[in-house]
Ligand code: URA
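In the block that follows, a single chain appears as structure tokens, in the form predicted alone.
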Amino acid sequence: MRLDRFICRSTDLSKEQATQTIKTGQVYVNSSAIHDPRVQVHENNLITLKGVELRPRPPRYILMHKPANTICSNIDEAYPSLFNYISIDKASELHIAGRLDADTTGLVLITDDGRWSYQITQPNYLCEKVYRVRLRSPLTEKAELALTQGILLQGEEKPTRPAKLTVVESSEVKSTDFKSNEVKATENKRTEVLLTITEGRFHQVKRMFAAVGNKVLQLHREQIGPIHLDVKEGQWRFLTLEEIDAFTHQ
């Protein structure tokens, strides 16, 4: 990581204070004074501040159920940041491993360990993400085949990787005929699916279904790798060691 970030992770200094401390020659890396806060350092480097060896705080790993109308950002923008739901020190050091759109709900993983999150977000690691998708129109078999084979999205040069798709069992939906004031039951066929992908392109799920002539009405992420969403909307918890290791040993 960058030296200024290492200082922040090892002390109570702000980024501005860490930068100033480095520029004034108070930080040594392997017995050499470093004046550039952008220098990359590693865990096997000996880093000292005023003669005291620095060690970064242990990384944190968090699971959260993202509510709708929140954004995966460290600050509030058009919508409030999901970090408003997390009471934790130095939350500004955390980042989200695989963002969701403002209107998308479900599982997000949050950490300050960049190497760990890289294994989740980079397509080469083939980390599966499972989404529950509610569609405007029934999914045709032709569209299903296209999605599972890989589909070229608008503005892209390469097709998506083959997706896994499971149609959720049909359910009965009740509606009211206001002319006769009667409640009618109709069968909701092939409008809810589970989609599994290993990429994270911009608005990928919505664009995939748009490419086959459908529209996503509701999107919810249920799973990342072996980790399932198991907390209520707006709640969070720390990951277990077993859950953390599920990605570090891929």
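Residue indices: 1-based, along the sequence shown. Remember, predicted model here, so these are calculated numbers, not experimental data.
Keep in mind the form predicted together with the ligand is missing from the figure; the text below concerns it.
J.: Is T111 one of the residues lying within 4.5 Å of the ligand in the model of the complex, judged by heavy atom distances?
T.: Close contact is absent here: in the model of the complex, T111 is far from the ligand, nothing within 4.5 Å, heavy atoms only.
J.: If we define contact as a non-hydrogen atom of the residue within 4.5 angstroms of the partner, is K206 a contact of the ligand in the model of the complex?
T.: Output for K206 is yes: heavy atoms within 4.5 Å of the ligand.
J.: So in the model of the complex, does any heavy atom of Y131 sit within 4.5 Å of the ligand?
T.: Yes, Y131 sits close enough to the ligand in the model of the complex that at least one of its heavy atoms falls within 4.5 Å.
J.: Closest heavy atom of L139 to the ligand in the model of the complex, within 4.5 Å or not?
T.: The answer is no: L139 has no heavy atom within 4.5 Å of the ligand.
J.: For the chain seen here without its partner, which of 160 to 168, 78 to 86, 95 to 103, 118 to 126 has a heavy atom within 4.5 Å of the ligand in the model of the complex?
T.: That would be 95 to 103.
J.: Which listed residue (L219, V27, V41, L63) meets the criterion of a heavy atom within 4.5 Å of the ligand in the model of the complex?
T.: That would be L219.
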